[in-house]
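Same chain, two forms, each on its own as structure tokens: structure 1, then structure 2.
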Structure 1
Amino acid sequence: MEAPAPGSAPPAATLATVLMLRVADGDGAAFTQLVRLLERPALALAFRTLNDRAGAEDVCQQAFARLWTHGPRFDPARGSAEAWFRRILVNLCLDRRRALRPVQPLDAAAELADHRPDPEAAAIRADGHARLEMAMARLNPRQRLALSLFHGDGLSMAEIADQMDTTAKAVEGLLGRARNELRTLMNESPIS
């Protein structure tokens, strides 16, 4: 099979990769399209990882700025634009989590409501969500990120390992420990 020419999209390139190649040439319209395509999943991942809306928006802005400024370095032979962008975002999220103490709006977490008709079921469900949110806020940032990439973005162990600069085996361990930690923290949670 013939390798694609440098700077050209591989045969099965995603829309994001095609747009990214235009961004690499300084195409502002392509960048706008790319932002519209990636911003929602990016914000969701950042929010799940940081548990802070304002922080997640900040990180997304920084990640897209880096995508634009470092665009000419994008190489489609080394992976899709989505994977490249997610890697930028993941690094920024981890940097931010390292720099800041965990921030958890505890009142907001406790007030999570579910608009289901059955008040008892709603209360039980809200309680579960609230305990999960509080446990998540106390989780190690890497564990939280791994859970977010696994459950939120549906990535495989190998893909998460690639995003987090580690091995699939390490990700498996990380996810296992995260789940154990979550169960323990949820059990300790004062909400009943």
Structure 2
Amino acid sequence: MEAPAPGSAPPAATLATVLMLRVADGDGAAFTQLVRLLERPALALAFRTLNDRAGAEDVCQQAFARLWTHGPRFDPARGSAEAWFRRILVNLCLDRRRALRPVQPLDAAAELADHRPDPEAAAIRADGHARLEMAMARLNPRQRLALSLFHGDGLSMAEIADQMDTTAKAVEGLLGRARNELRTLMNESPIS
């Protein structure tokens, strides 16, 4: 049996191999047909390898670009165009997976700092909240209401004045006295 002439397909060549030989000669229409023929299986293989749709599409695009630029290197005596393209695609997928390796090994994740407050800080914050609640409970009801509407609900002094049936200037004075009283109550003896 004779070896096929250079640039021609072996007798049992697949459609992809025939198209690849035409692509190697710069035939753009053959390249379009070859892409249509290989696109679905290539995308499926890349997706299975990478488990990322966008990454699979990128790798397929790179593989088809290499198919076009490296077309003259294709040798049908060494295998089919499908196998040659599959090797290009798999190599690109593996390169992409190697590039996406985490910077630190997974074991290092156990040593990451915990950003939650430590128990001491949590106890101090809880003590502060308890002191504030106790101090607020001891305030004059109008002062407590003004503070709650201003700091809790975020209302303006004019809105508070409407709610409390008074003037904005009176609300300003009420808030000032409430803050002073609250500061005094918060600095008193600790919770018993």
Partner chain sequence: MTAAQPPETELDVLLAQWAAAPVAGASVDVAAILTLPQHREAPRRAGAVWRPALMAASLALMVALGGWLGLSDRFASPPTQIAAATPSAEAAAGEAEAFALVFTPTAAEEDLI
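Here, residue number means position along structure 1's sequence, counting from 1. Rigid core here is just the name for the largest C-alpha set that superposes within 1.5 Å across the two forms. Values in this document were obtained by computation on a predicted structure and should not be read as measured data.
- In this comparison the chain labelled structure 1 is the form predicted in complex with the partner chain, and the other chain is not.
- Relative to the superposed rigid core, Leu139 undergoes a CA displacement of at least 2 Å between structures 1 and 2.
- In the core-superposed comparison between structures 1 and 2, the C-alpha atom of Gly152 has shifted by at least 2 angstroms.
- With the core held fixed between structures 1 and 2, Asp162 has its Cα displaced by at least 2 Å.
- Here the rigid core is superposed, and Leu182 then shows its C-alpha moved by 61.5 angstrom between structures 1 and 2.
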